[in-house]
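Presented as C-alpha cells, the chain that follows is alone, the form predicted on its own.
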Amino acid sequence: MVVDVELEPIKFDGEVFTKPIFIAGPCSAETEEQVMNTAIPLAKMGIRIFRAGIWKPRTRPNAFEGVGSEGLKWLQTVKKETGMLVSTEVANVKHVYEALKYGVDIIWIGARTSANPFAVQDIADSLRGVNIPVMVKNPVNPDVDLWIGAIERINNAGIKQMAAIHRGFSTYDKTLYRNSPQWQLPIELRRRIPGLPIITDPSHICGNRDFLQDISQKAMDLNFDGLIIETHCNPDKALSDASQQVTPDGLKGILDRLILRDSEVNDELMLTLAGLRDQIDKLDDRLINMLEERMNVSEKIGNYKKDNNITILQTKRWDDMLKNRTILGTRKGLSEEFMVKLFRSIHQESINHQTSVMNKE
C-alpha cells in the first residue's frame, strides 16, 4: 500500500539538490580545530553538506556524549568559512530549539529516537511552522511501519522537505557488518513512499571503514539518492566510532571509485529485461508450488506426531538440517546469511502448519 506523504524537493536558496547527495563530516564534533580541519578539505572536494554530532546518544553511560550546544557555534563557523550547509542529529525538543537558534540547515532524527513514537511526536510538534529539511533514520529494529510512522509524524507537522536515512538494523545474528543492511527494507520503503529520497549511511552499516566502498556502491546500484559518510581529520583519535570514520582523502577515494549507473532504460534494454523477468516469474511459480508441496509433507508429519504424541520441535533435527542446507546453498553461490534466513522462515511456516494440525479438534 502506498503511503500518502506530501513531499517537496529539498532545496536551499531556491536551488533544488540533485542526486547523488553526498553528506560528510565527523561522527562527533570534538573541538573547533577538529571540526574546521575536517570541513575545509571537504569543502574543497565539493561536498555541499557537512554533518557533525553535537549530542551523542550512547549505548552505555560514561562514554563521550558530545560537546553539546557549544559545538553549534563551530557549525556556524563552518558555514561562514566554507559556505557548506550544516546538519546535526536531534533527539528531543531542546535539541531542536538549539539547532534552529544556531542556524543549522538540516536536522536528522537518529535510529534510537525514530523507534520511539512519543519522542518523534514531540519533535514533530516543535517543528510546526518551521521550514527546514528533516531526515529520518531507520529505527534500530527492522520495522518498516515504525520507520514510516516516524516520517508521517514529521510530515504531518508541515515538514515537506524530507529524506530517509538507511543506516542498517540491529540483529543478534553474527554478520560481517555492525548493522545488517537488510536492503529489502529501504526498498520496501521506496515502494510505499515513492518520492522520498533515501540516503544510505555506510558508516553505521559497516562499523569498519574497510567495507565502506562496497556498501556505498551497492546503494548507488540500487538507485538510492545519496550517501552520508562519517569523515574525520584524524579518525584513529576520534572520541566516538573511530573504526568506521575515514579521512577526507579516504572519502575522496571512495567517491572517485563509485560507478554511477543510468537509471533510465531504453526500449532495447527493456525487451531484454522483460524476457529475463519472465523467466524469474516462471521460476517463482515453481518455487511457490514446491513450497506448497513441502508444507503438505509437514502437515503429514504433524498428523504422525499427533497420533504418536510427539512434540513438534525436534531440536537436533532442526540444527542438523539448518547446517546441511546452509552448506548446500553456499556451494551454489548463495550467501550464508540468506540461507539461514530462508530456512528459518520455511521452518517457522512448517511449525505453524504442524501446530494447526496437532491442535485441530
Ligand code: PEP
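From a predicted model like this one, the values you see are computed outputs, not experimental measurements. One-based numbering along the sequence shown.
Same protein, other form: the form predicted in complex with this ligand, not shown, and the subject of what follows.
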Problem set entry | Proximity to this ligand in the model of the complex, single hit among K252, R209, R112, R192 (heavy atom within 4.5 Å) | R112
Exercise. Does L42 make contact with this ligand in the model of the complex, using a 4.5 Å heavy atom cut-off?
Worked result: no
For this session: Using the partner position in the model of the complex, report whether R167 sits within 4.5 Å of this ligand, counting heavy atoms only.
Result: yes
Exercise. Taking heavy atoms only, is G68 within 4.5 angstroms of this ligand in the model of the complex?
Worked result: no
Exercise. Is R153 a contact residue for this ligand in the model of the complex, using a 4.5 Å heavy atom cut-off?
Worked result: no
Exercise. Thinking of this ligand in the model of the complex, which stretch from 68-76, 102-110, 122-130, 210-218 has heavy atoms inside 4.5 Å of it?
Worked result: 102-110
For this session: Could you list which residues of 204-236 come within 4.5 Å of this ligand in the model of the complex, counting heavy atoms only?
Result: H204, E230
